[in-house]
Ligand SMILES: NC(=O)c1ccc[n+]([C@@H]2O[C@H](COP(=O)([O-])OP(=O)(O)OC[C@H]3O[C@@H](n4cnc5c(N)ncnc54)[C@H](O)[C@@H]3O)[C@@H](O)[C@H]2O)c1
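Just one chain is shown here, as structure tokens, and it is the form predicted alone.
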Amino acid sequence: MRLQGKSVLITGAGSGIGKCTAQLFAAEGAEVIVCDIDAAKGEETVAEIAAGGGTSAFLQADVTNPESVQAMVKAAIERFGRIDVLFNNAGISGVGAIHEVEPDVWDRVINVNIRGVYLPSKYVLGHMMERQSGNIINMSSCIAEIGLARRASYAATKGAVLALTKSMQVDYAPYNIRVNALLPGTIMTPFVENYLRSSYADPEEGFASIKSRQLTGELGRPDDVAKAALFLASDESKFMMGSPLYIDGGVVFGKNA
């Protein structure tokens, strides 16, 4: 029960890594605030947590909308009394080189992936600062450290999230607030399945291609990232501040011969 007594807010918790993390955190004793723009998926996560004996509640929010996020955070604090951990997980993919990406698509990826970290953090931080305690986990990506074909908008956002994480840590360390980032490699989620369908004429060929980038020869699974998030959310990582944590199967620091 590594999160016993902690209240955790997870954005994008209706599917994929967010859902898996919500379930794991609840199993480890946390009260989990499940946030997603998709009410049906969010409620499904809450129902599965309840079936496992965990405690959670669903609060709908659009992480790009200030009023929506502020209302969600207010409701979360009213419901559970505090937010100990914020996991900024919500995000979308972006495919295409710069010349291929239309401005509205570019703006959408930037909005969700960067504004979607900024707004929940903004409205949770005041509460954490008042309590002189808190823990924020931001979802970056190993693509923040490497070049990858036709991923311009996504790479730009995940690089920004990593830089933001480090800057946030400097600002909020005096308030006993830790801020760290997760940098996954390719994880087999609905997010990636959609990327394969939209980016490759033959999704199976794409699947083989992205597997070959990782020294493991396989894609990661949502629980690989959820377990890393659990470490950052727990007191076991209390000496980690402003740090990137890689869960990438060897993409960044390894290369097959």
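Just count from 1 along the sequence shown to find any residue number. Please read all numbers here as calculations on a predicted model, not as lab measurements.
One more form of this protein exists, namely the form predicted together with this ligand; it is left out here, but the text below deals with it.
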Counting non-hydrogen atoms within 4.5 angstroms of this ligand in the predicted complex, say which of Leu125, Ala152, Ile187, Ile110 makes the cut.
Ile187
None of Val192, Leu232, Ala226, Val46 but one has a heavy atom within 4.5 Å of this ligand in the predicted complex; the exception is Val192
Taking 4.5 angstroms as the cut-off for heavy atoms, does Leu196 touch this ligand in the predicted complex?
no
Taking this ligand as it sits in the predicted complex, is Met129 near enough to touch it, meaning that at least one heavy atom pair lies within 4.5 angstroms?
no
Verify the contact flag for Ser15: yes if a non-hydrogen atom of it lies within 4.5 Å of a non-hydrogen atom of this ligand in the predicted complex, no if not.
yes
Report whether the minimum heavy atom distance between Thr165 and this ligand in the predicted complex is within 4.5 Å.
no
Is it the case that Lys6, Ser56 and Glu78 all touch this ligand in the predicted complex, with a non-hydrogen atom of each within 4.5 angstroms?
no
I need the one stretch from 129 to 137, 98 to 106, 166 to 174, 152 to 160 whose residues put non-hydrogen atoms within 4.5 angstroms of this ligand in the predicted complex.
152 to 160
What are the residues of 42 to 63, in order along the chain, with a heavy atom within 4.5 Å of this ligand in the predicted complex?
Ala61, Asp62, Val63
